[in-house]
Structure formats: structure tokens, C-alpha cells
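First comes one chain, alone, set out as C-alpha cells in the form predicted alone.
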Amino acid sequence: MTVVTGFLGSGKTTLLGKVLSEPSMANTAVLVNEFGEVGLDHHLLRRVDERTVLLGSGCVCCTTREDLVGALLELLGLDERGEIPRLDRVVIETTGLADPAPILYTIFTDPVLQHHFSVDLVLTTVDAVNGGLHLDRNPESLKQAAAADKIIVTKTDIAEPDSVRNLLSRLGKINPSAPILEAAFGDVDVDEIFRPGEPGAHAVTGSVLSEPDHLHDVGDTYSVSVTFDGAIDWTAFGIWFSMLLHARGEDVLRVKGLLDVGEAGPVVINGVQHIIHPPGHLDGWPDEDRRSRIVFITKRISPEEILGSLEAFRELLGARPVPLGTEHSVSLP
């Protein structure tokens, strides 16, 4: 399953129109909240109304999308009865104001869906002309960028080159773990967009560790990259992480990384707010760098609080947290 999100007018539907015209996407079902100005001609297109159920905790991210459950169960039944070609992928296009977290929560917690569907990518489209303004004024746009596994910057052919460069730099600082692709003239490389890479390879790229500055803030939103000076105790980290999510889950916009737990390969950790993908244990590292590396994108939680909390757990973790470039704090425009 792939979730395609992005702010109003950022080109989600145009992107899908290009993608679905590719022969390799023939066995793809598409769920959209709104058909949009660009018609999608696809035999497995379904419209869903965004109906959410807020749980008792009042947490915005922990909501169930009833419409999504019904649509996916319908597709699952058609697939299992052989009434449609065997499905390879389901693409969900959100509304321009949507937070992706409830979609992930729905898949990971529904007793039926969690056994038949897995989310491989969250793709976020950002308009090169208006993207900076959206990030400044709309918290939804910032959440969408933070939640992305990959970011596609659209309309680069009609935007000022300096604006495009500034936007690419800004997005890289907001979400340093997400590769950023450009889609000039609406052209996209479908294989590149939907390629998840080697298992865990896109969790945190090597470039995250080599850039000189890794503490960023935009208003009260921060990103911080952390490594450790040795292998860590996976159980102890799990306890610390669970405590963080229990106390401040809505403010943890994104966590993504590879953790050295003393085995042949790392543990992949990947989450959006309270919603955490099941951790994956890899047989080997995706590259020569065997260090733990984890990126936190947070709202109202400063890098110093994250680092201080990890330091307090240092004895149980078995390794010291090492921020990458703590001396550099970069304020985004």
C-alpha cells in the first residue's frame, strides 16, 4: 500500500494520472477522497469519504478511518474471489488537508487489514511555486512533509530556480531521511518513485550523517539526528521509546532509523506520531556504515530534551547517545 499525500494544489492527482498510465501499475487499486480536476481513468478507482472516529483519548492521530476499512475490505473480497485481477498495490490519495497518521493507524490496528496489507511508502507532493508558503502557514503541510518516505517536488518547471533550491534545502532539513525527487512538466519516473530500495536502506541515508548541521528548527518544529557510540540494548530502547510515545506521541511527528543492537544486521524503526511500523530485523547492514542512526522530527520537543532523555537512559541502553553536530542549530526561513 502506498499513501500519496500533499497540500492543496500540490499535484497529487496529476502525479497519479501519470503513474497509473504505466503498464507496470495495471494491477493497482486507487482510493481517493476527491476526484479532483484531472480525471483518473482507472478500472479500480474508488471514492471514499473521509469519515474518522476519534478514540477516547482525544488524540488526533489515533483515529480510525471507517471509510477506508470498508473500501479495503471490499477490495480484499473482490481479490480473494477472483472477481478482479490479482492486486499488487493499493494507492490511497488523501485530501490536501489530511494528516497521514490516521490512515497508518487504521491499517496497523484493524484486526483484518493488518494481515493483508502493509504500507511500503508515504509519498508527499510539494508545490515548488507555493510550497514554502504552505510550510509557513499550514501545519498540515509540515506534517505531510515530516511523514514522507519520499518527497516529490512538482511544478519545478514554472518556479523560480532560487525558490526551488531554497525549498529543496528546507525540505531536506525538515525531513532529512526522505529522498527528494523533482517532477518538472509533470514527468515522473514511476520505477524511482515506487522503488522502496534495499530493506532499510532508505530509513536513514548516509548523507544524513555527513552533513555538518543536524539540529534544525522551524517555529516549534525540530529535527535531530542521533547515533550511539556502540551497540544498544534493544529492550531498553523499546522501553524508552514507548515512554516517549506515551507521554508525547502527538508531538513526535516522525522517527526513522537503523539501530545497532549487537547482531549481524540492524533493527529498522519507522513511525509517524503514535503509529509505529512493526520493527524489522535485517540480516545485514545496507551499506558499510554500521553505526546506529536515527532521525527524530518533533513538535514542541526540543533536541536537547530528546538527547537529555536518552542520556538519562544511557546506563540501561549500554551506549552513549551522540548528536550529530550539536554545535549547529539552524533556524529555517
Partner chain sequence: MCVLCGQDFVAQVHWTDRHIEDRARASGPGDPVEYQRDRRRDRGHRTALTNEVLRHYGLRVEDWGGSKYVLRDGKGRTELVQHLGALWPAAAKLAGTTLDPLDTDFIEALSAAHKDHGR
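The structure presented is a predicted model; accordingly, all values stated were derived computationally and were not measured. Positions refer to the first chain, counted from 1.
The form predicted in complex with its partner chain is left out here; the points below concern that form.
Across the options 286-294, 23-31, 64-72, 262-270, residues that bring heavy atoms within 4.5 Å of its partner chain in the model of the complex belong to 262-270. Distance criterion of 4.5 Å from any heavy atom to its partner chain in the model of the complex singles out 242 from the list 138, 169, 163, 242. The contact residue chosen from 250, 99, 233, 79 relative to its partner chain in the model of the complex is 233, the criterion being a non-hydrogen atom within 4.5 angstroms.
The closest heavy atom approach of residue 228 to its partner chain in the model of the complex falls outside 4.5 Å. Shown alone here, residue 246 lies within 4.5 Å of its partner chain in the model of the complex, counting heavy atoms only. When contacts are judged by a 4.5 Å heavy atom cut-off, residue 312 counts as touching its partner chain in the model of the complex. Not displayed here, its partner chain is approached by residue 109 to within 4.5 Å at the level of heavy atoms in the model of the complex. Judged against its partner chain in the model of the complex with a 4.5 angstroms heavy atom cut-off, the residues 301, 305 and 316 are in contact without exception. Looking at 1-15, no residue comes within 4.5 Å of its partner chain in the model of the complex, counting any heavy atom.
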